[in-house]
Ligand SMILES: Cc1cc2nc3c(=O)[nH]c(=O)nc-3n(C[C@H](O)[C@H](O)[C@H](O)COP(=O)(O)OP(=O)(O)OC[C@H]3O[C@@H](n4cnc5c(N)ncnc54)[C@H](O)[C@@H]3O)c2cc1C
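In the block that follows, a single chain appears as structure tokens, in the form predicted on its own.
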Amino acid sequence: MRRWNGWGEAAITYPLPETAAQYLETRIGAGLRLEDASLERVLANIPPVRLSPHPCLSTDPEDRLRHARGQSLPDWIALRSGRVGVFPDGVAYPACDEDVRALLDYARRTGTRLIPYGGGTSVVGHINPLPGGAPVLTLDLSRLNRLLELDETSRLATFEAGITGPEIEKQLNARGYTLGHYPQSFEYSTLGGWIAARSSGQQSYYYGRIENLFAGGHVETPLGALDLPPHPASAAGPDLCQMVLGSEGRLGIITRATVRVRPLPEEESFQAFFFHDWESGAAAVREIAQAGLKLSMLRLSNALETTTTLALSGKGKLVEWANRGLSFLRYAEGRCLLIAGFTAEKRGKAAREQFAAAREVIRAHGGLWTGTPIGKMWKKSRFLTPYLRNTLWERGYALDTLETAVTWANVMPTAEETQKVIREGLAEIGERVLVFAHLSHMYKDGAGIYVTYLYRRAAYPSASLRASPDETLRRWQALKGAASRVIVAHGGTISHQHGVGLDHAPYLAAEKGKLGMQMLESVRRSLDPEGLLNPGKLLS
């Protein structure tokens, strides 16, 4: 059973070793084990249904609760405290285009607002109903989960949009193919969600971001169906696929998508390298990206992320011996870890030459190759790591991430200042914040910066140690707001891979400009003149 108030399956836990708990206590103080609201308490306070009757709707209280929030930190605070606020009035599970059209007609007749729902993994408020106004119906697309066609000649696969990452790979792998799109939310996120939020996978340096993989599809809008043929290229005006990408459910409901697939790779490994400092590592990965070397991933952690990742791994003895060896080789306090993915469709000389060329660049910048053990550990746990968030919360710590992408000239200043304002963001109340970063995706002209931060959950000042959700949320707002303003000031995108939703909407105009915002709103209004679809997300 999937957790109703956290990440993933309830039966799966990510233990926090005692050494890791001591590390966090030293860095930011001891966390308090604060009681969370029970499922029964939350269900007892769900408001009455406001929807007109319809045979396709579920109004079950737990169904409504499980579709009320996503995976952002504000969502967690709301769910764990039992102060969810707004719930959808019902949930529908369409199984075909006709079902979606019928629900759009129902919404038009009754003035109901519709929220498309994929895997519920949004970390920026994409699926949250807004307070006040009309009744809300969530459209859970999980029944739209089939592979409809695999064109092996063209290497195009057409799926229904509610299919999850593991099911995509299972069906393609059985035929010798892969999509290769692996966001950290891979376990639950869906193809339609990836497209709607312009997702980026961990190995997108080789396979491409979702905008490179999305070739066409079908969208149901309030004004009718929009078909997007999978042309290999076209000069026939603006590309409508680009309008659908990142539309966050405001223009229509994606029901199926055609994507570009590849044969399964014959060779793949994840190699680890250490640099003396982050600047040397950044210079190396920039050179690799600008040389166009065919790697699948470059993930460069700064010194504190390197230290923290090893501390939280639970591999105490292994880490101790690794630290001794690295220190002996003069990779000391500032050392930074690079995990590089090497993926090749065919084994042979060409693949070996790409690997050798990348290693030579890394060596020239002082990088030390340590083989595959760390890379194997990372690959094994890459979709398990989000479960650590549950454990940390229960130990009294709130964890959040944010990300941006900037040009190479701005990578280091943006990364350093973003971490600085977060690190100092709670100093006025005497609280410390643990913040670290990695460069997550490399491009010829810039890189994605991924920042993780932890702080202590707040309790009311009494002996009862009751959680103070308002104060925990206020702390998040202070940190997120300060970091977002730094990103905007440095010319970074407000979202490199998580979309806009509610949390990033205040900063979108700084990126798009006044005229750009008017253009987006004009398109939205032309397809959804009554404002039925996902109100408040992306655009107000």
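Numbers for residues come from their place in the sequence shown, where the first is 1. The structure presented is a predicted model; accordingly, all values stated were derived computationally and were not measured.
What comes next is about the form predicted together with the named molecule, which does not appear here.
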Is H498 close to the named molecule in the predicted complex, meaning a heavy atom pair under 4.5 Å apart or at it? yes
Consider G249 of the chain shown here, and say whether it contacts the named molecule in the predicted complex, taking contact as heavy atoms within 4.5 Å. yes
Look up in the predicted complex whether G192 has a non-hydrogen atom within 4.5 angstroms of the named molecule, and give yes or no. yes
Can you tell me if T404 lies within 4.5 angstroms of the named molecule in the predicted complex, counting non-hydrogen atoms only? no
For the chain shown here without its partner, which stretch in 120-128, 419-427, 283-291, 100-108 has non-hydrogen atoms within 4.5 angstroms of the named molecule in the predicted complex? 120-128
Just one of A92, V259, A78, A161 has a heavy atom within 4.5 Å of the named molecule in the predicted complex. Which one? A161
So the named molecule isn't shown here. In the predicted complex, which residue out of P386, G216, P222, G208 has a non-hydrogen atom within 4.5 Å of it? P386
Though the partner is not shown here, which residues of 174-210 have a heavy atom within 4.5 Å of the named molecule in the predicted complex? P183, Q184, S185, S189, T190, G192, G193, W194, A196, A197, S199, S200
